[in-house]
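Let's start with one chain on its own, the form predicted on its own, as structure tokens.
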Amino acid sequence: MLFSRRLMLGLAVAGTMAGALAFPAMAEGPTEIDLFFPVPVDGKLARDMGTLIKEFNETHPAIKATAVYTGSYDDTLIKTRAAIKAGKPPSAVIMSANFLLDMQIENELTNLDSLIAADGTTKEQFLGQFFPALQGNAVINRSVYGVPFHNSTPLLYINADKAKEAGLDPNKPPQTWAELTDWAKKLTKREGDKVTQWGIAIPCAYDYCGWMMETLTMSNGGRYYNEEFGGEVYYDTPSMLGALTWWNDLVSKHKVHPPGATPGPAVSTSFISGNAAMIMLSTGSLTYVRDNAKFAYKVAFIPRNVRNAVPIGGASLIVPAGLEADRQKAAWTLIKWMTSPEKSAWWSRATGYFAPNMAAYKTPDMVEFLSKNPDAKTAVEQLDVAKPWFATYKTVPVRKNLEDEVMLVLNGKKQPKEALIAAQKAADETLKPYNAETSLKLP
């Protein structure tokens, strides 16, 4: 009898405790996560991101995601690092793909290998969804730290109407620097000493300028950095000297390129307005050009001097270090959804970035879209000659060491050789602490 009473009492207490435990769980609601996202190119990315996150929340009631606009790629890195330092990291970030190595060195990233394994798949299977050219910026020391989300390569945009007016065939775009220089001369218009139409414009502001220098250096046979080690860059080299000299020649010798350092938005505006007949710009601007150009245009590979080669651009989705387990799991759910074939395809159509998930190009909507917009194929086709985006210890300061000098050259204040010597010296100094702890730390 005593045992029976004790059992009934125990069951009653257990039931009360279970009810007490169950009630808060019901009251907790969805796991709330935030996604930091930049807008690095022209267009309506903020609106498109709002549309994407709204759909995610509607189809995932256990999670409530909030998209937080964080400015440029550089701004997004600064804000993410500040949040991590304050102990309040965002759940996920669309981070410039070439910042991942620096963040991994500083222990600011979550290694994604365990999350991939928990899904019952291997790293090789997971990465196999994405174009091979993108993996160099997503994998560090054989571990996955980023998931390609929106990616780009630089393209040559050509005003087809103006090309025809100049006796040029836009269906046979320039293949070499020599041909591009010739085209730019024919496309430049003057009224006395005043230029009314520039033949070519290439953006140079922080971030874009470094990417363009890597683009030109690679197509001149060179390398911007050591792809296997984060402590070396190659600024004072013949390949980069040739690249910067040619860019400067377009400005000061041939006078077919506007003087000074021009930001990306100003370059795209000059193309849309007809002030520049050709531009080099990210494929991420393709939808903006398609929606706003009142003329026929063509996009083409970046012309070569020594070889066809371009760097990858764009961003990967990352999970910052320091997240609670439930938010980390929710962030991983969001990341997988955003990089699925269907959503990858939708984002590509909305923005102009190419879809990193290869299966996106087999979805019915994407097949139909490409049949109507063949210009969207160019960046994908150029992936055959694409290589990783420069990534080093302190990527941004090291990049700015070069960009500051390039801007001086384009503004007519320095010659290319002296500028690159100065850039190399400054970069070596920036990289010095990392080398002291790695390549120069000897037994």
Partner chain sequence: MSLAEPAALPVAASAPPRLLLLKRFSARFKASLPAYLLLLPSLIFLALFTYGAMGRVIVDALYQRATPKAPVRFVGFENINAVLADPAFTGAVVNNLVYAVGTAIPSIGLALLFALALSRTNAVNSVLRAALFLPVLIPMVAASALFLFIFLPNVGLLDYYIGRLLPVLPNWLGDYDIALYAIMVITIWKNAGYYMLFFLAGLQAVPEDVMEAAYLDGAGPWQRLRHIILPELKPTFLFVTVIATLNAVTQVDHVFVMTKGGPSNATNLVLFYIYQQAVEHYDIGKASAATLLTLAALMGLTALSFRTMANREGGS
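Remember, it's a predicted structure, so these values are computed and weren't measured experimentally. Numbering follows the first chain given and starts at 1.
Not pictured, yet referred to below: the form predicted in complex with the partner chain.
- In the predicted complex, the partner chain lies farther than 4.5 Å from every heavy atom of Gly50.
- Heavy atoms of Lys123 never reach within 4.5 Å of the partner chain in the predicted complex, leaving it off the interface.
- Using a 4.5 angstroms limit between non-hydrogen atoms, Pro30 is distant from the partner chain in the predicted complex.
- Put simply, Thr363 is far from the partner chain in the predicted complex: not one heavy atom of it is within 4.5 Å.
- Here the chain stands alone, but in the predicted complex its contact with the partner chain, taken as any heavy atom within 4.5 Å, falls in 393 to 401 among 31 to 39, 58 to 66, 374 to 382, 393 to 401.
- Each of Glu108, Lys194 and Gly260 is positioned with at least one heavy atom within 4.5 Å of the partner chain in the predicted complex.
- Only one of Lys336, Lys253, Lys189, Lys85 lies close to the partner chain in the predicted complex, with a heavy atom inside 4.5 Å, and it is Lys85.
- Checked against the partner chain in the predicted complex, the residues Arg327, Arg81, Arg223, Lys343 give one hit for a heavy atom within 4.5 Å, which is Arg81.
- Residues of 398 to 416 lying near the partner chain in the predicted complex, listed in sequence order, are Lys400, Asp404, Met407, Leu408, Asn411, Lys413, the criterion being any heavy atom within 4.5 Å.
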